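Given as structure tokens, the chain that follows is alone and in the form predicted alone.
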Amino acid sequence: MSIEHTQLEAERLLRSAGILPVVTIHTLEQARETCAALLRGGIPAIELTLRTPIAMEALSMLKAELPGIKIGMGTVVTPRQLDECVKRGADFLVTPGTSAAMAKLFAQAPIPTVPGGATPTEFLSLMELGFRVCKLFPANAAGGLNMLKGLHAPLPELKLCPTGGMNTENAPEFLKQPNVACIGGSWMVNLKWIEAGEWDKVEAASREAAAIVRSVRG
């Protein structure tokens, strides 16, 4: 599959989601219940981070038990992680940043990749490899709305998923930007709620997040 095709699919996935919850879990039960609550709340895709030892096993379980949710594996930074995520059925990949060597591997990956960057130079390097959909991270620390607005004029074909510092208050303004495919955030998957098993709170916050997307994009 060509990078042109995978990038078109990446943009389609992100635009369909609108908001991409960044989920970190420590048990399979947390993964199952968190994703079920997100689905009930109207959120169809997540970024499941590789920050815990259980993440890969959770990916396999979720693909088998909750086919209705698209799983993007996040914090993918090594060739081994890339291969394992593809093998276990990840729908797409997300990175916090992208080395030159990994960028070349991601460009050849058989599934969509949303590589991370924080500067115009990083994005230009990724675009030279064919990427048109990237993650702006950490978004607010890298300039937030001003960075997005500044990138749009010289790089109008670049679509971004700003992540880092997103919340219910600033989400609408980020979603309104013409170069934003979706936004990433973790406010609807608060770790305290997950650890306490408060799935009703995850579901309620997810409904609110989904409503924000509808209010901006229809």
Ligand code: 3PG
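For clarity, every value in this text was computed on a predicted model and none was experimentally measured. Numbering starts at 1 and runs along the sequence shown.
Just so it is clear, the following notes concern the form predicted together with 3-phosphoglyceric acid (3PG), a form of the same protein that is not shown.
- With the partner omitted from this view, the residue of Ser186, Gln30, Asn170, Asn179 that lies near 3-phosphoglyceric acid (3PG) in the model of the complex is Ser186 [heavy atom within 4.5 Å].
- Shown without its partner, this chain lists Arg51, Lys63, His152, His26 as candidates; in the model of the complex, only Arg51 has a non-hydrogen atom within 4.5 angstroms of 3-phosphoglyceric acid (3PG).
- Though the partner is left out of this view, Gly165 does reach within 4.5 Å of 3-phosphoglyceric acid (3PG) in the model of the complex, counting heavy atoms only.
- Under a 4.5 angstroms non-hydrogen atom cutoff, 3-phosphoglyceric acid (3PG) in the model of the complex lacks Phe92 among its neighbouring residues.
- Not displayed here, 3-phosphoglyceric acid (3PG) is kept clear of Ala17 by more than 4.5 Å at the level of heavy atoms in the model of the complex.
- Contact between Phe123 and 3-phosphoglyceric acid (3PG) in the model of the complex is not found at the 4.5 Å heavy atom cutoff.
- Heavy atoms within 4.5 Å of 3-phosphoglyceric acid (3PG) in the model of the complex are found in exactly one of 156-164, 52-60, 30-38, 65-73, that being 156-164.
- Interface residues of 137-157, taken as those with a heavy atom within 4.5 Å of 3-phosphoglyceric acid (3PG) in the model of the complex (partner not displayed), are limited to Phe137.
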